[in-house]
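What follows is one chain in structure tokens, specifically the form predicted alone.
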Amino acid sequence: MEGPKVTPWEVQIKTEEDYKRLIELFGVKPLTNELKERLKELTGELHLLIRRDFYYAHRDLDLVINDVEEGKGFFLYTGIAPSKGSMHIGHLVPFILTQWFQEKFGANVYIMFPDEEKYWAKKVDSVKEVQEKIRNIHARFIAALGFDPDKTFMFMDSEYIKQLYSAAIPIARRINISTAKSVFGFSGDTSIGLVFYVALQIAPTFFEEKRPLIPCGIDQDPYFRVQRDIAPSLGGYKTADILSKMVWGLKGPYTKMSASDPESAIFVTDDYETVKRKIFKYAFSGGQPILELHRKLGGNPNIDVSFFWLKILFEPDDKKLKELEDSYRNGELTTGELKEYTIKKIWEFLEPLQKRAKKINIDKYFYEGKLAQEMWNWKFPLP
């Protein structure tokens, strides 16, 4: 049987069983209840993204917890490569968890904006256009999640290339073409820029002499499998990752929320009426086709996009979520009512985020904050 296909550029997931198979294929570990309890002892609570198993696998999260208990600490690294279209709420998921880790542990956060990656991947035709999106949308909304401007450094690769390149030189030497092809599926028409980008993506994992923790989708794991192979030879820590499933788009279970397809996504810049229209018109429903049948047979929350988004992010109250699930299954709660509730919860999150984003001073995160000022003087020791 053909398995799931997952690379940083292509994701084909069709069932929950595919996620279980990825644990075996990628050689990661499941996020066990025992490990979650250890994390909860340190934080006092678990973020619902972890509590409800959306983040479901890891590499060396147990070692990060050990480091905290031993007073060594850790740092956080994540990022996003903007392409065509706007930023959607699915893009925010890893940053929401990263901000939670920073808040709970006071860790430094490094956020990469690879303004060149989609250009090399031939997904956009203008690096300058990508840079404008980063400054005007992506960085603002990410910062508005609550990141500490003195402990957060945001950077665009093309601006920060001198510093990144000092680390990329020894990294690139240790990654051969055979490994790149095997891990990332590069082919004969892949640009050499995209091949070299692997070294740039790995470079920030050496920003501090501590273990880096990377909250990301499981599709990004290939980069850090390579990093873990070469880190010891460069005197650095192997990355620790906490890995999520992929977010659903509006069109149905396991579909993609795409920035280039407005019908598949809720954008961070959408107003209330747009959110309402998209949910009612496009959000795949687990309800029955007519009300009479729905009252009789009930709905299926397991395939309902609105319920999915409530479960992973927008309904933190476990008791309330269970009430919604049960009343939907028995037909008491209709599809329209479930969508109305989802719209309300999304807007309760999105409206204040939009207001905060307008007030953000982005230069604090890129240049002026305490960590940012330190990082503009950073340089990896050349061999």
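One-based numbering along the sequence shown. What you see is a predicted model, and the numbers here were worked out from it, not measured in a lab.
What comes next is about the form predicted together with another copy of the chain, which is not displayed.
Contact with another copy of the chain in the predicted bound form, defined as a heavy atom within 4.5 Å, holds for exactly one of 158, 136, 288, 302, namely 158. A heavy atom within 4.5 Å of another copy of the chain in the predicted bound form is found for exactly one of 198, 111, 313, 279: 198. Contact check for residue 119: a heavy atom falls within 4.5 Å of another copy of the chain in the predicted bound form. Another copy of the chain in the predicted bound form comes within 4.5 Å of a heavy atom belonging to residue 193. Contact annotation for residue 178: at least one heavy atom lies within 4.5 Å of another copy of the chain in the predicted bound form. None of the heavy atoms of residue 295 is located within 4.5 Å of another copy of the chain in the predicted bound form. Only one segment in the set 207-215, 141-149, 239-247, 158-166 has any non-hydrogen atom within 4.5 angstroms of another copy of the chain in the predicted bound form, and it is 158-166. Although another copy of the chain is not shown here, in the predicted bound form the stretch 118-142 places heavy atoms of 119, 120, 122, 124, 125, 126, 127, 128, 131 within 4.5 Å of it, in sequence order.
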